[in-house]
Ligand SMILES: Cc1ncc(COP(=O)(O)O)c(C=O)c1O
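Next comes just one chain, in structure tokens: the form predicted on its own.
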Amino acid sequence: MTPGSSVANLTALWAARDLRGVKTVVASSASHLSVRKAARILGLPYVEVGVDRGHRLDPAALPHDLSDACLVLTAGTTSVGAVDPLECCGRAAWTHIDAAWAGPLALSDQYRSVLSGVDQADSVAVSAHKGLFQPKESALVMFRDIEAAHGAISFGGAYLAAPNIGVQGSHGAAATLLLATLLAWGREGVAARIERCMDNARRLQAFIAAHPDLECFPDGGTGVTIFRPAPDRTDAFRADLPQSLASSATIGGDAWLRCVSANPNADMERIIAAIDKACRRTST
């Protein structure tokens, strides 16, 4: 466990560098800024490649030679929730999947196919803060070869009963709340809440797609809804929405609004009514 996905990504890239001799980090222009930050910290050149219209990494844009590269694929991009083509796993010396947002979909029989191919990665990062309903500073990084990875990122000392594994030394009991959640809800309970969030997102996406005054960005398939009023009145429209209902997102230089379905108890009737009311106000 790590205190957030930024440290999880850093830990994975650290293992990639020391285990496989990785000399370059390759990721899409839609990847999280923590990937670029981790490359900088580790002294690795960072290569950014293009995305398709759905904000997924474009395999055709990848460098031809990835024999000394760590390829970072994103499962649930920050802006639109898109999932990179996970069939690209294995094309580089090391493949890391930043599944901070979409990783917990693996627990759902209904939605795990979104992550088809994730099992071929060398490492995967997941934010428990998001799809596992935990407080902040709760994330995980998982390795295909646990023993080798731990060996590469462990440091001991005469004053330690056991080596430190990863970036942190002493740290809080972040696992306690996650353990309590899993014991209380079980896998089925967690999956049911994830599926409720996804159903809410699908309902919102359908409402926006059918609304004459709204434009919807292509669905990334992981519970993130991107939309805006048409014609563009994004700032005034957002000001009329309840606080924190939507955040702003800039995609291709254009302003959009972003709703993230992370609350299984969300009242979709009220949310849809609020969006419809803001449409009526800003259209007059």
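One-based numbering along the sequence shown. Since we're looking at a predicted model, the values are computed, not measured.
Note that the form predicted together with the named molecule isn't included here; everything after this is about it.
The stretch among 104-112, 177-185, 201-209, 74-82 whose residues place heavy atoms within 4.5 Å of the named molecule in the predicted complex is 74-82. Although the partner is absent here, Ser123 sits far enough away that none of its heavy atoms falls within 4.5 Å of the named molecule in the predicted complex. Although the partner is absent here, Thr234 is not a contact residue: none of its heavy atoms lies within 4.5 angstroms of the named molecule in the predicted complex. Proximity of His32 to the named molecule in the predicted complex falls within the 4.5 Å heavy atom cutoff. Taking non-hydrogen atoms only, Lys130 approaches the named molecule to within 4.5 angstroms in the predicted complex. Along 97-120, these residues reach a heavy atom to within 4.5 Å of the named molecule in the predicted complex: Asp98, Ala100.
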